[in-house]
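There is one chain below, alone, in C-alpha cells, taken in the form predicted on its own.
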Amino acid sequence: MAKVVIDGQQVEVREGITILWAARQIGKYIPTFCYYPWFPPQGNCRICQVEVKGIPKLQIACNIPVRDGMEIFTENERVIRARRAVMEFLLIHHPLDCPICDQSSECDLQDLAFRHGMAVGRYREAKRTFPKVDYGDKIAREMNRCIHCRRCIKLAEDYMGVEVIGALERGDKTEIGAYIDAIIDSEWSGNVIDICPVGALTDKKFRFSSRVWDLDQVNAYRPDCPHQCKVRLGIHRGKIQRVTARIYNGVMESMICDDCRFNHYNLEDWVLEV
C-alpha cells in the first residue's frame, strides 16, 4: 500500500494504481475524454492534468502510477488554467451545433465546456471542416465534432477485431478515418456510438427523432438474442426511439450486437426489467 496526499487529504491506496483512480477513491473529480476503463491509458486528450509536488511539469492522472509519499494537487490554480487551455484547444474547430446534436445532454465535451471552458472564445479564423461521408443506415459520422480521443479505434482493434481505422494526418489536419466503413460489416459496429464521448458518431436511426431528456430509459433484454445482450431502451410516448448498451457511471457494462440495437423497435420483442 502507498500513502499519498491528494489536495491535502491523506489516503492509503494500492501501490501502482494511477493518480486518477486514487483520486476517485476519495471522491475527487478529475475530468477525462480519452480514458476508458476497458483500455490501457492513452494520454491523448490531456484534460486530466494534475500537479505532483517535486515534478516541474503537470502530469496526466490517467497514466501516472502513485508512489508512497506523493503529494498531488488536482484543482489548484495551475491545474485549472491548464484544463481551461485544453478545453479552448478542443473547441477551436468544434461546431456550435449543440441544439441539433443528438449527443446533447450526454456529451462529455458539453459538460466539461461548462465546467472548464472560457465564456468567450478567442479564435477568429475559419473553423476546419470535413466533407460528409455516408456510411449507410446505421452510423452517422460527423468528423467536424471529433476530438480525436481514439476510443473508437481502441474498441475496433481490441474488442471488435477490426483493425481498419486510425488517425490520419497530423496537427490540425488529423482525422479518424481510413476504412471506417469496414466497421459497418461487423455485427458489433454500433458500440462505437456508445463509446464516443461527443457527437462524432451517432445513431442514424435515432437522429432528429427525439431528444434524450424526453426518453424513458428502461433496461431490457431480448429472449431470442444469441448473445444475451442487456440493453437500455429509450422509449417516448410508448414507442422505442433507440436501443443502447447499458451505461453505468459513463461506462458501457458490455457491448450489444447490431441486431438488438438497430432491428428490434417493437416493444413486444423485449422483456422489460422493472
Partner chain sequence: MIDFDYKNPEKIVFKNIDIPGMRYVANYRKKGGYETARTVIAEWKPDDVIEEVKKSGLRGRGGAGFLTGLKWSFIPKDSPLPKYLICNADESEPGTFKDREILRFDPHSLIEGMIIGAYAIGAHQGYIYIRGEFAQEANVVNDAIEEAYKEGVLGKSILKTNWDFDLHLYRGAGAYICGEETALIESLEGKRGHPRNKPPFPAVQGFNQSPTIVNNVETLAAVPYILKYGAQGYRKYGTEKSAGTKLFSVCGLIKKPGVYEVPMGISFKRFLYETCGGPLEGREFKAIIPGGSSVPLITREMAESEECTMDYEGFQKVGTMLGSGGVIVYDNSVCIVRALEILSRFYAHESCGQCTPCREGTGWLYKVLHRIENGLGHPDEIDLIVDIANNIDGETICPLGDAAAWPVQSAVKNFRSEFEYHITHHTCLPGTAKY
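Numbering follows the first chain given and starts at 1. This one's a predicted model, so the numbers in the text were calculated from it and none came from an experiment.
Another form, the form predicted together with the partner chain, is not on view; read the next lines as being about it.
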Q: Flag Gln42 as yes or no: does it have a non-hydrogen atom within 4.5 angstroms of any non-hydrogen atom of the partner chain in the model of the complex?
A: yes
Q | Partner contact for Lys138 in the model of the complex: the partner chain, 4.5 angstroms, heavy atom | A | no
Q) Can any non-hydrogen atom of Arg122 be found within 4.5 angstroms of the partner chain in the model of the complex? A) yes
Q | His236, heavy atom within 4.5 angstroms of the partner chain in the model of the complex | A | no
(Q) Only one of Ala113, Ile92, Val164, Cys98 gets a heavy atom within 4.5 Å of the partner chain in the model of the complex. Which one? (A) Ile92
Q: Could you check which residue among Ile64, Met70, Ile240, Ala245 gets a heavy atom within 4.5 Å of the partner chain in the model of the complex?
A: Ile64
Q) Pro37, Lys154 and His227: each with a heavy atom within 4.5 Å of the partner chain in the model of the complex? A) no
Q. Which single stretch, out of 228-236, 56-64, 22-30, 203-211, brings residue heavy atoms within 4.5 Å of the partner chain in the model of the complex?
A. 56-64
Q) For the stretch 137-166, which residues lie within 4.5 Å of the partner chain in the model of the complex by non-hydrogen atom distance? A) Ile147, His148, Arg150
